[in-house]
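Here's a solo chain for you in structure tokens, the form predicted on its own.
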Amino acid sequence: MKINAIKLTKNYEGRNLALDNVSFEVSMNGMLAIIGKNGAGKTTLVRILATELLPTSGTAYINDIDVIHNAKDVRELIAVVPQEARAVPWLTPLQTVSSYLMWRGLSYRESRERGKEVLRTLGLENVENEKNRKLSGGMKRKVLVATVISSDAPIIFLDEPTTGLDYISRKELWEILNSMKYNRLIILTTHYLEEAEVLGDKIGILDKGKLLAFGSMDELRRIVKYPFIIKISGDVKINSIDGYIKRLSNGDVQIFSTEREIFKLAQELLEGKIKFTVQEVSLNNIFEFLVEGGVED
């Protein structure tokens, strides 16, 4: 599956640019996670790619089909769960999925059979005839995901599908998404960095409409230049070190550096009985590095 975005720009009248010359290309089966703060442009990007919104300039292609001039053909390939989507309260999960499939052109019988199969796959077979309004928040989200899975669409857009869910419900949904990403391309927007790191085969970082970085976790780590980070409790004087030093708002010190430099510093801190932690650079560190102005020497 393939998506190619070329200088996508969206300017809502009277507002700042929602998207500012966003370009990227991805060709794979798997998960593309788009992360950013609220208002970063994630939903605008998804709506343009899903043919729901026209860009001010630029264009995009899905499997080499122009999303602007051939929107009808693109819609045959995609399924979408918008950010604002809610399960209709007076329908059951089975009715929700089967009616969606009939809307996509399947017969009543085929829609029911496929609906039952997908709900069983997601562990919802025991509530398939319960009203949606009686389900938990996590189950309602699963019902929405079930609709797009049932379509067999090769490209799926999920706009912040886990927002508002408790951690356990989110992890359950992560397992479902992980299991279904290998034979399709899923574009997931989220502001949960852990979610993007766990699920994303490729990750795009948006901020104020600009695409700051795009790639796998290993590729994003190379942006920071150093693979490890040491966090020191308290305002400690650091001698010369090959790396970046950032003093956090709570007074702690955070240093990006090489394994050799981190090991050497750790020995010194142990001798001085100073508390510290060491870890591989995470998406949270990369996001902070890029979005919040980087580090201070």
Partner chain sequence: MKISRIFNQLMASILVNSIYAMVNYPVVMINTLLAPLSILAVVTFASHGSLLPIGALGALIMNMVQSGISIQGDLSHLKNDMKLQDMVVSSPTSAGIYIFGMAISEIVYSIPTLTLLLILNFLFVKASLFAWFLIFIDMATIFTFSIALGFLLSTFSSDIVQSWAFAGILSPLLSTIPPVYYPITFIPLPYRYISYLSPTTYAAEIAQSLAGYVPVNIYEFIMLWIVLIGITVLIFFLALKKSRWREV
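Residue numbers count along the first chain shown, from 1. Every value quoted in this text rests on a predicted model; they were computed, and no experiment measured them.
Another form exists, predicted together with the partner chain; not displayed. Remarks below refer to it.
* Asked: Of the residues Ala266, Ile241, Leu248, Leu53, which one places a heavy atom within 4.5 Å of the partner chain in the model of the complex?
  -> Comparing distances to the partner chain in the model of the complex, the residue within 4.5 Å is Leu53.
* Which pick from Val80, Leu177, Leu193, Leu124 sits with a heavy atom within 4.5 Å of the partner chain in the model of the complex? -> Of the listed residues, the single hit is Val80.
* Asked: Is it the case that Ile68, Met102 and Leu106 all touch the partner chain in the model of the complex, with a non-hydrogen atom of each within 4.5 angstroms?
  -> Per the other structure, all of Ile68, Met102 and Leu106 touch the partner chain.
* **in the model of the complex, segment of 267-275, 24-32, 42-50, 253-261 with a heavy atom within 4.5 Å of the partner chain** => Heavy-atom contact with the partner occurs in 42-50.
* Looking in the model of the complex, any heavy atom of Glu76 within 4.5 Å of the partner chain? -> Flag for Glu76 set to yes.
* **Any non-hydrogen atom of Thr92 within 4.5 angstroms of the partner chain in the model of the complex** => Yes, contact at 4.5 Å.
* **Exercise: Ala87 in contact with the partner chain in the model of the complex, heavy atom 4.5 Å** => Ala87: yes, in contact with the partner chain in the model of the complex.
* To do: Tell me, yes or no, whether Thr162 is in contact with the partner chain in the model of the complex, where a contact means a heavy atom of each within 4.5 Å.
  => No - in the model of the complex, heavy atoms of Thr162 and the partner chain never come within 4.5 Å of each other.
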